[in-house]
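Quick heads-up: it's one chain on its own, the form predicted on its own, in structure tokens.
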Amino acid sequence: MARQEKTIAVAGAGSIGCYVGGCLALAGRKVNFLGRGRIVEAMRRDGLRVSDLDGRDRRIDPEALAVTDDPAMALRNADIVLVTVKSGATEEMAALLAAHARPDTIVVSLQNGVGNADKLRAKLPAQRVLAGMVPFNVVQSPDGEAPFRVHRASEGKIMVEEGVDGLAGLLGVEGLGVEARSDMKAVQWSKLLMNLNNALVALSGLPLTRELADRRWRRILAGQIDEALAAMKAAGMEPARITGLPPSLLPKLLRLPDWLFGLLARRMLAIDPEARSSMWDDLERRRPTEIDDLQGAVLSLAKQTGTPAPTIERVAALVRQAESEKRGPPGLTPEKV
């Protein structure tokens, strides 16, 4: 796959989309950003700043960015579309792709959850749709900071479904590692296990490092992972090993005393001190969360397999309550959860 000749559309210029697209643009890839609202306006006016946990801090001037809120303009000439919208907007984006993308366009879902690539495939029979997984956290700059900044606050390589020669090489650039995998469904379920923590960050309002440093919160996360692993085992599914620790050992690690967890989980805790979860950001901005695609996916599997999941049910109910109240993150304690 010739690298410089390909046009890459980022369908969803939010935190992940702007970080991935920004790294690609800085590496000389031809990138179209599709978004709307304050982020698009900020990028058009002041450009984009891309930084990371490794110390990189780079800027793209506004005249060097192709940013639009017009789906036809962003998608019609795209060779590759990276879908980075929230799960709730997947079907809307699929309709836009069906209307404007070429039949030979390769579509890559870089979204949370385990079902978004399947949703896209159902609506896009002409296009090649690949599943992907983004392991790292991206933090946006506060409203009003110029230029708009996206900061990768944790480590990890993006993983994409194999099958398109040269795709990982095209997307893998400075600040953005990419690996092709043949077991993407297992990879996605493994990522989902850790994404069950997004809700706890949203409910607590704490930065990730402070929340994970507290054994009381980790025990709730461990309980959720135990329930998810039981449902997966009953369904004959096994999560992929995507970190140094097998997924089955995660609950044991999480339940360790704080001092021992801090020693053994240094990589897990290699996070920017102010990083929170995207679900926290959704509650903060009074937007719908991805709870139905994270905890909800496990609850659906648990129902199918007849395995209990009371911890996940409780966490999901609290997030839905916070969504409906529209008061932002509720600042709950572990005891209240």
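Treat the numbers as computed from the prediction; the structure is a model and nothing was measured. Start at 1 with the first residue shown and count on from there.
Another form exists, predicted in complex with a small molecule; not displayed. Remarks below refer to it.
- Of the candidate stretches 255-263, 228-236, 156-164, 108-116, only 108-116 has residues whose heavy atoms lie within 4.5 Å of the small molecule in the model of the complex.
- Residues 12, 86 and 96 are all found to lie within 4.5 Å of the small molecule in the model of the complex, as judged by heavy atom distances.
- The shortest heavy atom separation between residue 290 and the small molecule in the model of the complex is within 4.5 Å.
- Proximity of residue 140 to the small molecule in the model of the complex falls within the 4.5 Å heavy atom cutoff.
- In the model of the complex, no heavy atom of residue 60 sits within 4.5 Å of the small molecule.
- Within this chain, residue 281 lines the site of the small molecule in the model of the complex, having a heavy atom no more than 4.5 Å away.
- With the partner omitted from this view, the residue of 45, 286, 56, 36 that lies near the small molecule in the model of the complex is 36 [heavy atom within 4.5 Å].
- The contact residue chosen from 179, 145, 174, 92 relative to the small molecule in the model of the complex is 92, the criterion being a non-hydrogen atom within 4.5 angstroms.
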